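Only one chain is shown below, in structure tokens, and it's the form predicted on its own.
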């Protein structure tokens, strides 16, 4: 039995057909020796998604390949990075399930098109950032507000590829969550210097980024 209902598959087929203009690769790092439901479910969900459109492909690599992981700018596993010829660092540490699934689909569409649903003044300000920015967005799959914070971070990366943006499952990466004193979500950390809680509007989110580089 699959993860997606037939009506959901049909909806996604139509959305991908309408919006995808270039190839999109889902690069999935997993522990191939771990048969836990958590990891197997993540891989199975991605396999279902890529069957819905010819522009979508899935590449599965093993966590033990540290050189490959590092070459992709990734630190942990499991991880799913969305890639295309469009610049941007859009990554998910953990399964993009629950409320995060809708954001995952929107990210796929953005990477496969030229969508950039951000205010023009925010895009202009982001384009002027000329140093590396790392955004970590800690979430839980049951949080209805987290997807907005993740989407904003990922859109910022599309606006400027100096920005790396990753969703992090606070339960799946509990040690890292404790290290950053995550007690509620969404909890956002910028350059390991500035942190804040909540799905802030784009301009307020941007101000936190600027605070981290001032």
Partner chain sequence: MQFTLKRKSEEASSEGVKSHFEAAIIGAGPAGLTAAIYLGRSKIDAVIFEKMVPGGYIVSTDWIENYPGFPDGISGEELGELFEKQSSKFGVRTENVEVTGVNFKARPMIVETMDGSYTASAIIVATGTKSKKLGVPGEEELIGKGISLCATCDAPFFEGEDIVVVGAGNSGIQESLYLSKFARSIRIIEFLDHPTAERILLDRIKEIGKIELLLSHRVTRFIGDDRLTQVEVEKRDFNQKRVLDVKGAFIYVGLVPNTGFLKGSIDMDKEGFIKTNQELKSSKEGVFAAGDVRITPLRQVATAIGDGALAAFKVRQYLEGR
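Residue numbers count along the first chain shown, from 1. Note that the structure is predicted; figures quoted are calculated from it, not measured.
Keep in mind that the form predicted together with its partner chain is not shown, yet the notes after this line are about it.
A.B. asks: Would you check whether its partner chain, in the predicted bound form, lies within 4.5 angstroms of a non-hydrogen atom from each of 73, 112 and 163?
C.D. replies: Not a single residue of the candidate spot has a heavy atom within 4.5 Å of its partner chain in the predicted bound form.
A.B. asks: With its partner chain left out here, work out from 62-70, 167-175, 153-161, 26-34 which stretch has heavy atoms within 4.5 Å of it in the predicted bound form.
C.D. replies: Going through the listed ranges, the match is 167-175.
A.B. asks: Taking any heavy atom pair closer than or equal to 4.5 Å as contact, tell me whether residue 144 reaches its partner chain in the predicted bound form.
C.D. replies: Close contact exists here: in the predicted bound form, residue 144 approaches its partner chain to within 4.5 Å, heavy atoms only.
A.B. asks: Consider residue 140 of the chain shown here, and say whether it contacts its partner chain in the predicted bound form, taking contact as heavy atoms within 4.5 Å.
C.D. replies: Yes, contact at 4.5 Å.
A.B. asks: Do residue 192 and its partner chain come within 4.5 Å of each other in the predicted bound form, heavy atoms counted?
C.D. replies: So residue 192 does not count as contacting its partner chain.
A.B. asks: Is residue 188 close enough to touch its partner chain in the predicted bound form, meaning at least one heavy atom pair within 4.5 Å?
C.D. replies: So residue 188 does not count as contacting its partner chain.
A.B. asks: Quick one: name the residues from 159-193 with any non-hydrogen atom within 4.5 angstroms of its partner chain in the predicted bound form.
C.D. replies: Result: 170, 171, 181, 182, 183, 184, 185.
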